[in-house]
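Quick setup: one chain, the form predicted alone, written in structure tokens, and binding and motion questions come after.
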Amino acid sequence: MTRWLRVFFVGGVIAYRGLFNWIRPAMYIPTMLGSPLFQLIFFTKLGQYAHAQSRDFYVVGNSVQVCAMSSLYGMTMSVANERWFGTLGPLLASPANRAAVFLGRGLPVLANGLLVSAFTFGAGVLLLGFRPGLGALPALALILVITVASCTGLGMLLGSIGLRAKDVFFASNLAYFLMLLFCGVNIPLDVLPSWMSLVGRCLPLTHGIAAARDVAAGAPLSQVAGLVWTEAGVAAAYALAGFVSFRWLEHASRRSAVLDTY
């Protein structure tokens, strides 16, 4: 068990530091903080100008959604970059527990997603006048953790596909912007066509954003428990699908000897 935890925690952090160059301030600030900040301001001001929804609707929706920048891109790259950098073969040749290796990659990604969303919420408070009650903050934090985990689960699935796909980064870009449209971030689900609303309810973010909006408006956590549990179920489903895909594609790639081909 100690070895499993060491691979999970230490291995995940070392891999994250080795695979990303945005952890340097010169890359991290404009990439992981600047882009979410401008997204928040743009959609909030656009919505206020159009008198479509309240300010808090856009602040909460975008502050939660920007975690996908870390969770989708980061988790996809945590697996796919091993292939691009030529280190995937030695990694998979190691006897390390695959669940610890795979799930450990998601821990720094999850932490980064929480930081990005927390920063964006803070920007909403300082720049846009967003004022949730102090009593709502613990519930918002819990909802945010579960929602970021859900996005990370989808990133695990996309990253697993990167074991074989030639351009998995296109898929992660597409998923990011589709979630911006389908998950009720800036457009209420009941305004979308029924098929889009149905797809959105199967994706991460949707139920977490709805729960966060209700809590920010003063609802107790017990009132949104169904939404929170649904988001947790989505997180578990995508993480499981990602790990199963990872194991299946690993074995298939061994048989066909295409681990490091593009």
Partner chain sequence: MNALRIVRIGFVINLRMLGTSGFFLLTSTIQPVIFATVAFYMFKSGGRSGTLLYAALGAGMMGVWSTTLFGSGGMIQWQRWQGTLELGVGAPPPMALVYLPFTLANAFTGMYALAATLVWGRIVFGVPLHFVHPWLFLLALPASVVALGLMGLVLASTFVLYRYANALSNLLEYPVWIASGLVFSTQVLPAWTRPISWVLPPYWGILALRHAALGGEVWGPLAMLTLLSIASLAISTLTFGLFEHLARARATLSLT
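Positions refer to the first chain, counted from 1. Note that the coordinates shown come from a computational prediction; the quantities given were computed from them, not determined experimentally.
Although not depicted, the form predicted together with the partner chain is the subject of the following passage.
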Quick check for you: of 198-206, 215-223, 28-36, 232-240, which stretch puts a non-hydrogen atom within 4.5 Å of the partner chain in the predicted bound form? 28-36
When the partner chain is placed as it is in the predicted bound form, are Arg24, Leu181 and Pro193 each within 4.5 Å of it, taking any non-hydrogen atom of the residue? yes
According to a 4.5 angstroms non-hydrogen atom cut-off, is Ala100 in contact with the partner chain in the predicted bound form? no
Would Gln53 show up as a contact with the partner chain in the predicted bound form if we use heavy atoms at 4.5 Å? yes
Considering only heavy atoms, tell me if Asn112 and the partner chain come within 4.5 Å of each other in the predicted bound form. no
Does Asn173 reach the partner chain in the predicted bound form if we count a contact as any heavy atom within 4.5 Å? yes
Which residues from 46-73 come close to the partner chain in the predicted bound form, meaning a heavy atom within 4.5 Å? Leu46, Gly47, Gln48, Tyr49, Ala50, His51, Ala52, Gln53, Tyr58
